[in-house]
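Presented as structure tokens, the chain that follows is alone, the form predicted alone.
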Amino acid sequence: MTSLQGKAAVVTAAGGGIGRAIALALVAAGADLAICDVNSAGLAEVASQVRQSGRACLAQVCRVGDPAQDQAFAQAALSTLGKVDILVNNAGVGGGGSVSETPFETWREVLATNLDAAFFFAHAFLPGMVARHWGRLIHIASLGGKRPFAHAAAYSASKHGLIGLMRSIALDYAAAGVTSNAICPAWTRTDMAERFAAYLVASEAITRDEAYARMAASLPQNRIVEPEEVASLAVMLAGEQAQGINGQAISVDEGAALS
């Protein structure tokens, strides 16, 4: 079992879904945490669970992608934890459609949240990792970062960019004891999936169960991925035994990327 005793981790968008599952899994492995989210209620609930387990936890409301809020959270994380060994860039939003359907403001919001913030936090925490000759960066990308989704230009571009950023970090910092990898889930039981299901309900005049069945049918195992599946991989990548895994975009998609 992976032990992260003595390690300090940052997880963005940890108030629910994949971020929540990763935060709690890192804590179960022994890590202290700094977490952020725009969902203050979800953030508080996760922080309470972390503290009840006996681990240190900074929880700060932060709209990831806003430079001032990103900077304030990064500074608070370093001040509270003393260091950051593990960075999980989990925050992400959808939005828009095809290029002609997407307002530039939406394009910028998606890119700021999904890509700019990942660069900012990597930029903030990499110097300390390099100084200690140990670090793990884990970026939550998407199946949409390996193949574009229709009518999702901004989202697909941001996730392709996130994989490119991940690989650049992996190449540049490999000799410094730092690894950088991405996890690429397919449809996962998150708020984003729930919003898409609601869109299908409204646009196709179907039930919520029928919407989820349609989403599941697009995947080889005919099911929705659970957040804990992504979290277990994140913990493995954060551990000592993953030292040789670097620059990889690992799918949790039931084999969907093969089709």
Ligand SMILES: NC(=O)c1ccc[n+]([C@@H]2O[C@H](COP(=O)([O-])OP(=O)(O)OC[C@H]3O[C@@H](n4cnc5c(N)ncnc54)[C@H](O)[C@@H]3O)[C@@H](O)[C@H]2O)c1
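Worth saying up front: this structure is predicted, and the values here are computed from it rather than measured. Heads up: residue numbers just count along the shown sequence, starting at 1.
If you look for the form predicted together with this ligand, you will not find it shown, but the lines that follow are about it.
Contact check for V93: a heavy atom falls within 4.5 Å of this ligand in the model of the complex. This ligand in the model of the complex is approached by V64, whose closest heavy atom lies within 4.5 angstroms of it. Although the partner is absent here, L115 sits far enough away that none of its heavy atoms falls within 4.5 Å of this ligand in the model of the complex. Though the partner is left out of this view, Y155 does reach within 4.5 Å of this ligand in the model of the complex, counting heavy atoms only. Contact with this ligand, judged by heavy atoms within 4.5 Å in the model of the complex, is confined among 48-56, 205-213, 25-33, 187-195 to 187-195. If you take 156-176 and check each residue for a heavy atom within 4.5 Å of this ligand in the model of the complex, you get just K159.
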